[in-house]
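The form predicted alone is given below as one chain in structure tokens.
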Amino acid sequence: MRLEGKVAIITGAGQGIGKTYARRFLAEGAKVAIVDIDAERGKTAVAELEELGEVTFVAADVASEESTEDCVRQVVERFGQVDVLLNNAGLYYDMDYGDQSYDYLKRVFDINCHGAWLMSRAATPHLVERGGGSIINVSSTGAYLYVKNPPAEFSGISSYAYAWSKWGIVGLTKMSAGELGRWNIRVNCIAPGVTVSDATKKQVPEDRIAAITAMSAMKRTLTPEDLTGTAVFFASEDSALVTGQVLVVDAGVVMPG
């Protein structure tokens, strides 16, 4: 029960890895607000998890200023406080890697990068009021994979939308950690490798997953459950003096210095 007495907001928690984070946080004693843009998905997740502890659903679009502010307000009205924000929401399940347009690039950044900033901006006044807390951002090892296999014929520079937005999350983590530390707010980041979730099964062929597993030091394939311990560490007092850090969880594929 490492999170007993804490209230956590987890974005994108209506399905997949986000829902797995919510399940683990409830098991560790936290009260959890599941935030998702899809109301049906969010309510279904609450029905599935409510036997584990106090959990509620708040519909929100993380790319909207008004929606993020209203989301945090609803959580405070429901639970009376906020202690942890886990910025898990991101455009990945429906990523269109074939769309290299500027408009799509902006859409990816609005959700993956700007959404984490908007949620952090909405939550931080309440964390300050609580005397501190934890913000956990979610990047990706894709942010560290710089070399791509270009097509035989040059067709223009790529947008690098997903990887670039996830590298932006690393920068957001460092900048906000540097600013918010004086108020005892820790800001850290998880950078998962390819994790076998429903979204990954849709986006990544099985042979590619097998190849990545073979490249890993531990020869293991990640599951959503493998990421939850890191999130609990960052959310709990076990990381009381840890801030501005990016922790790669990928069984030893990417090892940034």
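Residue numbers run from 1 along the displayed sequence. Nothing here was measured: the structure is a model prediction, and the numbers come from that model.
Below: the form predicted in complex with a small molecule, not depicted.
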Checklist entry - Would you say all of 31, 84 and 131 touch the small molecule in the model of the complex, counting a heavy atom within 4.5 Å as a touch? => result no
Item to check | in the model of the complex, residue 111 touching the small molecule (heavy atom, 4.5 Å) | outcome: yes
Next on the checklist: How about residue 194 - does it come within 4.5 Å of the small molecule in the model of the complex, if we only consider non-hydrogen atoms?
Outcome noted: yes
Checklist entry - Using heavy atoms and a 4.5 Å limit, would one call residue 46 a contact residue for the small molecule in the model of the complex? => result no
Item to check | Partner proximity in the model of the complex: residue 62 to the small molecule, non-hydrogen atom cutoff 4.5 Å | outcome: yes
Item to check | Contact residue in the model of the complex, from 230, 56, 216, 200 (heavy atom within 4.5 Å of the small molecule) | outcome: 200
Checklist entry - Which single stretch, out of 76 to 84, 98 to 106, 132 to 140, 172 to 180, brings residue heavy atoms within 4.5 Å of the small molecule in the model of the complex? => result 132 to 140
